[in-house]
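Below you will find one chain, with nothing else, as structure tokens; this is the form predicted on its own, and questions on how it binds or moves follow later.
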Amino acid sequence: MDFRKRYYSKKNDKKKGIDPAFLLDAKFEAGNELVVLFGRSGSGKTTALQCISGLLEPNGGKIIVNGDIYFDCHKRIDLPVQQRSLGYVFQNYAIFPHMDVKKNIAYGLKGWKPEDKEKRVAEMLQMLQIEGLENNYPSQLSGGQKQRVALARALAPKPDILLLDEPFSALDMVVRMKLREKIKEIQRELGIPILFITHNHVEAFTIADKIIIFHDGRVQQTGTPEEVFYNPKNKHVAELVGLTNIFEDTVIEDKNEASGILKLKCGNLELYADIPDSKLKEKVTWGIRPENLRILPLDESEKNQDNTIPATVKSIVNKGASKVLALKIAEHRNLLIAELANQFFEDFDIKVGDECLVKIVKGKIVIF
């Protein structure tokens, strides 16, 4: 995938010399893997899928799937939707209300022999575990069952690629978890690329083989979930993957060449970070995930330890299995956000207004 799509405001529609209101510049590769497109609303994810599917025509570049050219600006190739070997599942399912499940699944099998069509529909019913529902209409199905029918219809023609645009957003948590596992199982069984859009951090991290981060129409970072979530390349990516503690205007004051440990100066805050490849006096931004902060009792013997800072608890939010604490530190105007599992929180017995120590683990600091 290496294509561009421009949008203009109506009054300046394609006028010469007028910058587009939005420019999507998408460049990435996908093997036989489950690839999550991740980013805020309006970052270009759905537009990318629509260009791949043929619902939108890019303004330049090329799209090649399994050796077939779907779009090539220079060769003037733009295959219509029906000639692209792909399945597409929309957020709102888009199954036909006047057709039963069997007819919905068979809809994309035009030109197949009746016996082959019957066999393929039976295979899809079994694969998506919706046997017994073939004569039901969409109005008789639950949200999870409708989504399985939509997946079955998309997969029935044996596509070379499957596109999923937030397919589970309207489903409850239990159904989402079951369908996540089903999608991973389908990908392994069929061995085709699946491009999956989601805004859900947990969903992205648990199902993806590869994550592609979009921001403002550009691909910001590509990698495994671990690479992207724990080593974001810039502030945009860091914010998207939940790295809520971000501190700008930081200078690298010193570096231990033997160990690679850096001394950071951020306002009055001094920290040590285990990052070996940065330069002295370089201005950087650093961050740390809430779960990588340790909360300690206010013990004088701990105060002078590296990266251990006195703090006051400003608020506590219950997230169910964990508590999120906003901490005011004396050395900086920004708050630190920490997340503690309930079992540790209960052992500590801390309340709003209490003083404590916060330990910023140097090996978990990210610099970009």
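Numbers follow the displayed sequence, beginning with 1. Being a predicted model, the structure only gives us computed values, none of them experimental.
Beyond the structure shown, there is the form predicted in complex with a further copy of the same chain, which is absent from this document and is the topic of what follows.
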### Message
With the partner left out here, check for me: in the predicted complex, does some heavy atom of D349 sit within 4.5 Å of a further copy of the same chain?
### Response
no
### Close approach of K364 to a further copy of the same chain in the predicted complex, 4.5 Å, heavy atom
yes
### Message
My question is simply whether G67 lines the interface with a further copy of the same chain in the predicted complex - judged by any non-hydrogen atom within 4.5 Å.
### Response
no
### Query
Heavy atom to heavy atom, is A330 within 4.5 Å of a further copy of the same chain in the predicted complex?
no
### Query
Pick from 68-76, 224-232, 186-194, 119-127: which stretch has non-hydrogen atoms within 4.5 Å of a further copy of the same chain in the predicted complex?
224-232
### Task
May I ask you to choose, among E239, E134, D209, D160, the residue with a heavy atom within 4.5 Å of a further copy of the same chain in the predicted complex?
E239
### Query
Going by heavy atoms, what in 129-157 lies within 4.5 angstroms of a further copy of the same chain in the predicted complex?
Q129, Q140, S142, G143, G144, Q145, R148
### Message
Closer or farther: the C-alpha atoms of Q147 and I183 in the predicted complex, versus the form shown, with a change of 3 angstroms or more?
### Response
farther
## Note on the structure
Against the displayed form, L171 vs Q126 by Cα, in the predicted complex, with 3 angstroms or more change: pair is closer
